[in-house]
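Only one chain is given next, in structure tokens, and it is the form predicted alone.
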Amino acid sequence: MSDRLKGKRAVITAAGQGIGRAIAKAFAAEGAEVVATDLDEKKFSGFKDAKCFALDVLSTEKVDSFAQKVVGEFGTPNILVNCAGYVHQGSVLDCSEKDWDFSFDLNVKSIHRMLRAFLPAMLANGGGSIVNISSAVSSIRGVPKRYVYGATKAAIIGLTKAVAADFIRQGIRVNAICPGTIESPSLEGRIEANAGQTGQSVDQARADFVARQPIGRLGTAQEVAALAVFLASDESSYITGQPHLVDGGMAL
């Protein structure tokens, strides 16, 4: 590794597994001081690459308190990565108001909470890089049974562009990563759920997910993390306000 993030401090949400965990590990490997959070602190068992904390990003009070703790004890982050998310399966006819509200609360408003909590300190510190995890399934592409999920991920792209425009002259860069279908514990759960709902075998349900990737395979969390390292680093200092696909051709 080349210490591409040496001297930088990063805060990452939903870092207990999947994409968030891969990003935390990649950042630490590149020299960053990593503060990792997840709703379930047990997911950090044996995880030695970061300072790990439980955090419920659905609570404004808890996010604000956490931000004060981080800035007070460790210092202002140079990097903020918002990974928390939930995939609702279904069309508009399957989406209750409760489903809609929860999806937007976790996928979008959690980012709003983290920005409100950390951005003032980052601005006072001279800026930094913010990376939001969106999806290829968003304003970029629609797929079946991803009604409210696609809406939330499109909102993240809009939010990313808005914050980038507001603070571009104050040292803040904001970008979105838009993954395709990525191997993760979350995906395994969706594959099993699809198999149960359709009467398919788990192998066939998995093959359906692979089939929608033109490259012919699922992506890895490490491939998403590699893009996150670039966007967090000074190598991307002229890049802001953009959705970046790592999707195996899904949006072609």
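Quick caveat, the model's predicted, so the values are computed rather than measured. Start at 1 and count along the sequence shown; that's the residue number.
From this point on, the text means the form predicted in complex with a small molecule, which you will not see here.
Residues Leu39, Ile133 and Ser186 are all found to lie within 4.5 Å of the small molecule in the model of the complex, as judged by heavy atom distances.
Only one listed stretch (27-35, 192-200, 64-72, 40-48) carries heavy atoms within 4.5 Å of the small molecule in the model of the complex, and that stretch is 40-48. Checked against the small molecule in the model of the complex, the residues Asn175, Ser138, Thr181, Ser103 give one hit for a heavy atom within 4.5 Å, which is Thr181.
Taking the partner from elsewhere, Cys83 is found to have a heavy atom lying within 4.5 Å of the small molecule in the model of the complex. The small molecule in the model of the complex comes within 4.5 Å of a heavy atom belonging to Asp56. The shortest heavy atom separation between Tyr149 and the small molecule in the model of the complex is within 4.5 Å. Though the partner is left out of this view, Gly16 does reach within 4.5 Å of the small molecule in the model of the complex, counting heavy atoms only.
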